[in-house]
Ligand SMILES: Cc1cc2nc3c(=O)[nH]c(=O)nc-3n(C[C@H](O)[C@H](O)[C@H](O)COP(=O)(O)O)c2cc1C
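First comes one chain, alone, set out as structure tokens in the form predicted on its own.
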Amino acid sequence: MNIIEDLNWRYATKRYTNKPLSEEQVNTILETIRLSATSLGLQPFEIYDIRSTELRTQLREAAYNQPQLTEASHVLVFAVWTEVTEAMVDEYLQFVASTRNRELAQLDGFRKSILSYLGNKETEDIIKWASNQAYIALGKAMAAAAQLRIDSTPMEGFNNQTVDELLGLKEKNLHAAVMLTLGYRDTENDPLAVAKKVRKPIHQIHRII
């Protein structure tokens, strides 16, 4: 299989069977998220893997009763940072220095660049910036799932504030940006499982200048 075949195979699954994923499969997808590129390398998000049946039922209510939240094998919530403090930057740079066996002082210029870029941003701007990074990782996760022949659904259609409250994110300076469900399509109950993929032809979106 190649990436084009994988992406032609995948679609935004609307109905799932109850067949569970293995921990190995989930860990592979989580690893693709961990290895995703992010601005400044800061990885400004956390992944909440919702295993609680009660919580998933509540998430379904917050997502306007979309059945994927209770039918899929796994539900991942991408919770993004709402602030970037000097302490957070210093912790990150200490990690960089120890990982690459460098002196912390060698990263002073990098520290100034990070703080110059993010230090004066308002909460809404930080959330937008962090969400952009989460979406890059989300795309990697969906591509990895398709390669494993695991179905996925990216979900923005939910009440973010309600999800923040359900997961206690606000007090952790986090905000629910997007969710991803993972599992196996229910071909009997999901009409989109056999529907032809609808995408514009390349000449309508590709411009050479």
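Numbers follow the displayed sequence, beginning with 1. Just so you know, these numbers come straight off a predicted model, no measurement behind them.
Just so it is clear, the following notes concern the form predicted in complex with the named molecule, a form of the same protein that is not shown.
A heavy atom within 4.5 Å of the named molecule in the predicted complex is found for exactly one of 129, 110, 135, 92: 135.
Interface residue remark: residue 12 is counted as part of the site for the named molecule in the predicted complex, having a heavy atom within 4.5 Å. Taking the partner from elsewhere, residue 19 is found to have every heavy atom lying beyond 4.5 Å of the named molecule in the predicted complex. Not displayed here, the named molecule is kept clear of residue 54 by more than 4.5 Å at the level of heavy atoms in the predicted complex. When contacts are judged by a 4.5 Å heavy atom cut-off, residue 165 does not count as touching the named molecule in the predicted complex. Every residue of the trio 68, 157 and 197 has some heavy atom no more than 4.5 Å from the named molecule in the predicted complex.
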